[in-house]
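Next up: just one chain, as structure tokens, the form predicted on its own.
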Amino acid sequence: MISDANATWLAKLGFAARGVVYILVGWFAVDAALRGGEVADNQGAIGSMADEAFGPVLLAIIAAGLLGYAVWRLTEAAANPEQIGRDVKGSLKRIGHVVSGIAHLILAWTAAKLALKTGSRDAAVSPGDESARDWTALLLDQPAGRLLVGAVAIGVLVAAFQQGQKAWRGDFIRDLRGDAPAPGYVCTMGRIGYGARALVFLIVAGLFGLAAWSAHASDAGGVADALEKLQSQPGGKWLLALTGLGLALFGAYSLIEARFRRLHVDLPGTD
């Protein structure tokens, strides 16, 4: 059985893997804005590594890290209520951990399939967007389907608000260990990164809200769709470039977290 120490190490590797993925998503967005390339979501960014030198090895490492990160988030969600809180804020935080854990499990599975050469290797597509529409169609087919999709929209909106709060307050920097405060530029990187994520999540929430209103799954979308919506606005070239830069900075901050974040995974049943 995996130990708490090994799970903690994998979770730290997960921060590094998340960092690499967001740097790639940011790069694709900047490239799309300035040179007419295509935007990519997280899964598309992972797919872009498949044909690189040592791609399968890198993808295997990323899959392990994302799995460790997912386990950490799900473990936090299952933690004793006293550790998170029993109020509404604590419940929202717990839900956020579950959503994050599931999302990173999906990314880990995508990376693992590509590492084993069983997944799609097309870097130009954004499978997360298609998946979002597929799940939306499935929800709309259920009783009260529009309400279910609306609930998803609200959940993503809450996530956007939480990311925005982090960007505004900058208190996430307290999670980094060390006797001396982190340099100011590190906090600035994180704030810009969280702000970019908040913007993207806000647009994704709007897409799901539109799908709930229209009852059309085709109106839903994910990260790449959100970036394309930005690009289609007046001055969209620069909006997309700046957002891509922000997402890349979030990736860079994640790499710093991989090294310096205070973190311990306490797996159930390992005491």
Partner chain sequence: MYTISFDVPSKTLTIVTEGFWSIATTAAFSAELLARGTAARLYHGRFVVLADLRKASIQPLKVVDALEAMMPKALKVTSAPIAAVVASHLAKLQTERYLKAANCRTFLDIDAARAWLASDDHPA
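Not measured: the values here are computed from a predicted model. Positions refer to the first chain, counted from 1.
Keep in mind that the form predicted together with its partner chain is not shown, yet the notes after this line are about it.
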Contact assignment for its partner chain in the model of the complex, among Leu202, Leu34, Ile61, Ala215, heavy atom within 4.5 Å: Ala215
The unique member of Arg197, Arg133, Arg191, His97 whose heavy atoms fall within 4.5 Å of its partner chain in the model of the complex: Arg133
Among 236 to 244, 46 to 54, 23 to 31, 216 to 224, the region lying within 4.5 Å of its partner chain in the model of the complex by heavy atom distance: 216 to 224
Partner contact for Ala167 in the model of the complex: its partner chain, 4.5 angstroms, heavy atom: no
is_contact(Asp141, its partner chain) in the model of the complex, heavy atom dist at most 4.5 Å: yes
Leu148: touches its partner chain in the model of the complex, heavy atom cutoff 4.5 angstroms: no
Its partner chain contact in the model of the complex: Ala137, any heavy atom under 4.5 Å: yes
